[in-house]
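Here we start with a single chain on its own, the form predicted on its own, put down as structure tokens.
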């Protein structure tokens, strides 16, 4: 089968489109024929070696498809079942091995490509607003990269809760998308300093929470726009890792809170995984949650997909199609 295999970490050039043997599921595992694989920043972190795993490995953390075969000890799954998964390496391939307890069912009339596009980013947005910082009606949230895949879902969920959403984007086109997703105010950070504009929009009070997936270039100013005892939720580093930081600054800036969460720790149990996945997939299936996925690439173009994601040239979700 065809797969994107990494034998050494580094730049996009280490993403090798190659032939490998179709794997056989072991006890507790399932072999899935991949219909689509999501492209996420975490894939880049693994490719670069920021997140560690044994070499060689197949990149990709998210996908959807149909069950081909099951290993021993697997119950409740049969060939042909429609499933999706995330936070399991190996989705950049024509077929993938996934632990049975990490698979979630896909509603019968939901396109598998949509399921692949929404699961990781949708559950990320879900835990950010419901668990990491429990956003309430009347709260004010600053969302960076609001027109990206996670950003658009996060903006929708936050606005549906009743929060006031201040969104940062880079272009007028992205501003329109963020507005359609429910953002109340838009800051074009390429034209306006987001720190001073956020302070103006909140009458210098500051926001209750910042959802920041950008990292290095936004971190310090994001802290500066928080109200006293506000929370910085740093859930990504698209512009690079945040430099070393003296925690005393949290007290001088208003006894602030900061967290660096990851989806893995908010889907630790099977029940929590199924609950989040069901909420997200049902919201998409009902039309409550809109998924933008205009960018699809053949599996062989994984390098270009990751380059486009890293350069922030895209909006919505990127998919690889085997």
Ligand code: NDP
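Positions refer to the first chain, counted from 1. If you're wondering where the values come from, they're calculated on a predicted model, not measured in any experiment.
There is also a form predicted together with this ligand; it is not shown, and the following applies to it.
Enquirer: The chain here is shown without this ligand. Which stretch in 276 to 284, 52 to 60, 65 to 73, 37 to 45 comes within 4.5 angstroms of it in the predicted complex, by heavy atom distance?
Expert: Stretch with heavy atoms near the partner: 37 to 45.
Enquirer: Has each of 145, 174 and 310 got a heavy atom lying within 4.5 angstroms of this ligand in the predicted complex?
Expert: All three within 4.5 Å in the predicted complex.
Enquirer: Using a 4.5 Å heavy atom cut-off, which residue among 236, 90, 182, 206 comes into contact with this ligand in the predicted complex?
Expert: Checking each option against this ligand in the predicted complex, the one that comes within 4.5 Å is 236.
Enquirer: Considering this ligand in the predicted complex, which of 225, 96, 141, 120 comes within 4.5 Å of it through any heavy atom?
Expert: That would be 120.
Enquirer: With a cut-off of 4.5 Å between heavy atoms, is residue 316 one of the residues that contacts this ligand in the predicted complex?
Expert: Looking in the predicted complex, residue contacts with this ligand include residue 316, since a heavy atom lies within 4.5 Å.
Enquirer: Should residue 263 be classed as touching this ligand in the predicted complex when contacts are defined as heavy atoms within 4.5 Å?
Expert: Looking in the predicted complex, residue contacts with this ligand include residue 263, since a heavy atom lies within 4.5 Å.
Enquirer: Is there a heavy atom of residue 219 lying 4.5 Å or less from a heavy atom of this ligand in the predicted complex?
Expert: No, residue 219 stays farther than 4.5 Å from this ligand in the predicted complex.
Enquirer: Is there any non-hydrogen atom of residue 213 lying within 4.5 Å of this ligand in the predicted complex?
Expert: Yes, residue 213 lies within 4.5 Å of this ligand in the predicted complex.
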